[in-house]
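Listed next as structure tokens is one chain, alone, in the form predicted alone.
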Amino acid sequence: MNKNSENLYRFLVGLADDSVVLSHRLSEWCSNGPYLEEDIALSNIALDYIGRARMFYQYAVEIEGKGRTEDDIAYHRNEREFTNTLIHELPINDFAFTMVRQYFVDVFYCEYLQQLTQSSDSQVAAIAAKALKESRYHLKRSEPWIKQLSEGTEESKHRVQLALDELENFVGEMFLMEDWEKELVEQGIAVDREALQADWDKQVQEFLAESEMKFPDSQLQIRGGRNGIHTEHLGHMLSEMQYLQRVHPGLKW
């Protein structure tokens, strides 16, 4: 691959990794949700992210041109080869944590994917357009949950605040731009994440203030995901997610 193709491949795999990792995390609520309807809803959102990951992986292997499949990339790389941002890989914790994380990424994706639909790469733009519809629906679900939990009992409000405090250190990485991604922005393919940060902060701050919740800002604290440097949680998660393909290579349903 030439440099432009390498950058595009890296871009696609990063977005796919974000989606497949968050999908697996959300799937961990299957049979563990607070009630049946929410159990099913979280499982369906996990499937949305799986579909998104597949589209990005499929385009990535097409660009790569080595005959690999989406399964090869998803199931036969170790944690140092994954390039998802760290917020996606954190354990689900309690329900409040999951919903705060989901709200944060939903706000981000609604703006990010909207801009990505204008990509000069028609296939990237098409994937973004489909994913944007899903993210808008996801945000319509996560916002009411944050409000309900923040204005519910003292216990639910306390758990939301704990989640906000923990996630503060991971939000900033969503807006971090690597040099190779900046080159894609110049070509009109990618989106300038840094330019989204101020609006994200404003929207989140105003929404949380309605329920008197405190979240300082999205200043970057912990980074490394796009370069394969992860928390201790990702390796354990991949050992479960990749188990069947590792034991039975080439397994097909």
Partner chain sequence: MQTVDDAAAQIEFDRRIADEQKIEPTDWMPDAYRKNLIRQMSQHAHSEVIGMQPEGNWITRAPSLRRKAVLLSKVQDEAGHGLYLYSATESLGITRSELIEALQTGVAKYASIFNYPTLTWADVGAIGWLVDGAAIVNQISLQRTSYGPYSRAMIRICKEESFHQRQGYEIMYELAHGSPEQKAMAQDAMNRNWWPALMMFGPHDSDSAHSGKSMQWKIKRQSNDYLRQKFIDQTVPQIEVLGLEMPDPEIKWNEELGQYDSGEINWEEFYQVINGSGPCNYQRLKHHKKAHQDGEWVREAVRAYSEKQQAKKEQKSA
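Note that the coordinates shown come from a computational prediction; the quantities given were computed from them, not determined experimentally. Numbering follows the first chain given and starts at 1.
This protein has a second form, the form predicted together with its partner chain, left out of what is shown; the following refers to that one.
Note on the interface: of 54-62, 200-208, 222-230, 183-191, the segment with non-hydrogen atoms within 4.5 angstroms of its partner chain in the predicted complex is 54-62. When its partner chain is considered in the predicted complex, Glu134 lies well away from it, no heavy atom lying within 4.5 Å.
Of the heavy atoms in Leu149, some are within 4.5 Å of its partner chain in the predicted complex. Though the partner is left out of this view, Leu251 does reach within 4.5 Å of its partner chain in the predicted complex, counting heavy atoms only. Put simply, Ser156 is close to its partner chain in the predicted complex: some heavy atom of it is within 4.5 Å. In the predicted complex, Glu240, Met241, Tyr243, Leu244, Gln245 are the residues of 232-247 with at least one heavy atom within 4.5 Å of its partner chain, listed from first to last.
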